[in-house]
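Here you get one chain, nothing else, as structure tokens; it is the form predicted alone.
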């Protein structure tokens, strides 16, 4: 989507979007009698600014802001001197309930309405700073983000139908008060465009069918993210993984003709680095369950079992366009979990990178083996913070549903920040405990531990306890289980059905906050 910023006097488009709080007498940035006239006509259609509601109004005018006849009333026949333009009012709900994420949702609803009338280009009327709570640049950035993310489509394998709606291709931010067209405003918009494009990139990776994205292909994509002086990419192939003792990655990938690999990306800031952060993402490019094969129903969705690693690659796509004073290591282990002749078997014992051994109970709980190697390896990088992201447990979906990610770990400060920052981003998290008393669920008679706990009991928690065994002493660590919100079967406000890109926006905002 093309994004432009202009003064209202220079706008020449045909479709304009305006925001309105529920119960206000006028829309934002349309004051006086003109705004009251629009609000009155919208009220006739039972629109009063309710959240997620829109109203489509029509007018014929050469310049809606200056022409007294532009106020809505009985339809006038178009003449050579006038043109029809449309105003879409989109509701933010009650002022006292306002959160920035409502701007994303309201913009998405407006653009959906614009799609329905065939608009290719839309102007979005930016209110004055006096009309909204908080920084106006944040308001505008949220609108742009909602527009880009809601307009995303994964349709590379589809033949489009002639009559289907097309996403809006151009969004112009229209400023009534040109003082708000500042350098800071443009910078905020540029950055949110970069982050939104990274989210769309992440969605593409998870939405891609499994066969075109085997581990080595994912490593190739990661290598393309390298940027001279800022981002380096190292790929560890099978032989090197064997030398390092990455038994988890190797055994999970042993049943596939496609060899596993580990991608290590490193971002170095332009100036002095204030912290070192390691971000790890589970990268099972297809999960059949292995010998413990999954039921066939729904298995097609297992193309997204690399959503955690996809978020890591998306994070580095974003890092390639910004400057944050933090050293970031990204670890993305890639493997296919297939039931081939060489596959790991229930009852096997796997030795991980740090020397600890794990008895395999179910080969369908494979992701924790990849993460175990990477958590142990990441700990050697001496991070100030280590985060892993994984579509790890079905138990997480049972506990928290499909919109919340689970947080478990040793760093309470970061857990609290992720919850707070995530709420601002419209990505939701809930902390689960890591009680030592549940360690008994992982006791094994043949290895240091089993890799899963008791059937049907605290599955997400015992997975977290297993992972904790591979985190270096004193390393602050948070595990994010995104099994629920990584992929949606239904359209969300600004996430069309399919891969969502969760939790990339929250992780990016967290790093920016550091």
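From a predicted model like this one, the values you see are computed outputs, not experimental measurements. Residue numbers count along the first chain shown, from 1.
Form predicted together with a small molecule: not shown, discussed below.
J.: Is it the case that residue 105, even though its partner is missing from this view, gets within 4.5 Å of the small molecule in the predicted bound form, heavy atoms only?
T.: No - in the predicted bound form, heavy atoms of residue 105 and the small molecule never come within 4.5 Å of each other.
J.: Residue 57 versus the small molecule, in the predicted bound form: is there a non-hydrogen atom within 4.5 Å?
T.: Because no heavy atom of residue 57 falls inside 4.5 Å of the small molecule in the predicted bound form, the answer is no.
J.: So, in the predicted bound form, is residue 294 in contact with the small molecule at a 4.5 angstroms heavy atom limit?
T.: Although the small molecule is absent here, residue 294 would touch it in the predicted bound form, with heavy atoms inside 4.5 Å.
J.: Does residue 388 make contact with the small molecule in the predicted bound form, using a 4.5 Å heavy atom cut-off?
T.: So residue 388 does not count as contacting the small molecule.
J.: Looking in the predicted bound form, is the small molecule within 4.5 Å of a heavy atom from each of 354, 369 and 444?
T.: No, the candidate spot makes no contact with the small molecule.
J.: Choose one stretch from 272-280, 433-441, 286-294, 314-322: the one whose residues place a heavy atom within 4.5 angstroms of the small molecule in the predicted bound form.
T.: Going by heavy atoms within 4.5 Å, the stretch is 286-294.
J.: Considering the small molecule in the predicted bound form, which of 364, 216, 135, 115 comes within 4.5 Å of it through any heavy atom?
T.: Exactly one residue meets the criterion: 364.
J.: Since exactly one of 241, 400, 302, 338 fits, which has a heavy atom within 4.5 Å of the small molecule in the predicted bound form?
T.: That would be 302.
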